[in-house]
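Next up is one chain by itself, shown in structure tokens, the form predicted alone.
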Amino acid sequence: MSKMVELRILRQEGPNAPKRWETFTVAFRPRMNVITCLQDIQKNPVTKDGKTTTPVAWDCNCLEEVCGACTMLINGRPRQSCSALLEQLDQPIELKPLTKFPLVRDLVVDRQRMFDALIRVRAWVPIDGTHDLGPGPRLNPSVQGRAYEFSRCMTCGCCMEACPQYGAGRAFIGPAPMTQVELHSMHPASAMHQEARLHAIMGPGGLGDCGNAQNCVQVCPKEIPITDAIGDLGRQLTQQFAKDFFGK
């Protein structure tokens, strides 16, 4: 008899629908991840007790821990389901949607608020296309290495889920946008807008709302030094406050 994997999934048809738990079993195969299990359930949506149900809804895209779309709570921890290998998980495996973003259905949430925060802090390199940019500015290797750490952010939402200051009814824009302010301050073509970025995180919902819980660095799948960015931004904000106050 083949080894079976048991998954307990929190289901909800929509934002206002009642919640329910459903338990499924799938046949174990070497190197399976949580996405593989969800795909097997999709092919045959029958619960452990033999009840036919609807396929479980979830998000995924790259399947190699790059896009961040498949983030969910797996055994209580926010992480990517594509890199969650069954051999490394306690059973029964419990799957729940992220709680800090509006629910769409089952394990699918709407992360638009996080993307809106990236717009607020101008998390991009401004290029208007009016002239040939050439090969681009040369960067010190140490700056390149530091910038690369923050460029790995995939807006998966793990840090936002773990942050006690982020969530519905709270203004804080969360740790992920802060890392992008830090990243874009290092790029010569983007640093010209750093003052606007700092002003964007000065007011309500900005850096002052961070409680320094440091949960974010504990769950980041890319091991981004988020708290380093927050500390550095604090120093930059102090300088910007002084500049604004004295008008220089």
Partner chain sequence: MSEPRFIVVGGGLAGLMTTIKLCEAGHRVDLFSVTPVKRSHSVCAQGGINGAVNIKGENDSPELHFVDSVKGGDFLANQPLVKGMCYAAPGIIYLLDRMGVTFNRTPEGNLDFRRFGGTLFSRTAFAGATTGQQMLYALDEQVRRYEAEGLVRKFEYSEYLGSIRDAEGVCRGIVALDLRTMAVQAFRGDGTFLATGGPGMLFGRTTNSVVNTGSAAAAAYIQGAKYANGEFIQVHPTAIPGEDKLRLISESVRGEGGRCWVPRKKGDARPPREIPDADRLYFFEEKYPRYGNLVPRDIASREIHDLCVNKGLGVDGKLVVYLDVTHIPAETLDRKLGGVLEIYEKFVGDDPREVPMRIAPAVHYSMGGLWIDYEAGTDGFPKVGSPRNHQTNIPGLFAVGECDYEYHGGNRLGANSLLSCVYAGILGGPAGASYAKGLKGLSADLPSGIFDEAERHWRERFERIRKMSGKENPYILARDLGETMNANATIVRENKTLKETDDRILEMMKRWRDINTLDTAGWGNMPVPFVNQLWNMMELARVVVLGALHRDESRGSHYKPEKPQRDDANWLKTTITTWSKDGPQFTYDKVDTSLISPVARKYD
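Numbering follows the first chain given and starts at 1. Quick caveat, the model's predicted, so the values are computed rather than measured.
Although not depicted, the form predicted together with its partner chain is the subject of the following passage.
*Given that the partner is absent here, does P126 sit within 4.5 Å of its partner chain in the predicted complex, heavy atoms only?*
Result yes; P126 sits at the interface with its partner chain in the predicted complex.
Can you tell me if K51 lies within 4.5 angstroms of its partner chain in the predicted complex, counting non-hydrogen atoms only?
Output for K51 is no: heavy atoms all beyond 4.5 Å of its partner chain.
Interface membership of Q144, its partner chain in the predicted complex, 4.5 Å heavy atom rule:
Contact with its partner chain, yes.
inquiry  = Is G205 near its partner chain? Define near as a heavy atom within 4.5 Å, in the predicted complex.
reply    = No - in the predicted complex, heavy atoms of G205 and its partner chain never come within 4.5 Å of each other.
- Looking at V26, C67, L198, V219, which is the one with a non-hydrogen atom within 4.5 Å of its partner chain in the predicted complex? Residue within 4.5 Å of the partner: C67.
Taking 4.5 Å between heavy atoms as the contact cutoff, choose which of K96, K100, R105, R113 touches its partner chain in the predicted complex. Among K96, K100, R105, R113, a heavy atom within 4.5 Å of its partner chain in the predicted complex occurs only for R105.
Between 25-41 and its partner chain in the predicted complex, list the residues on our side with a heavy atom within 4.5 Å.
-> Stretch hits, in order: R29, P30, R31, N33, I35, T36, Q39.
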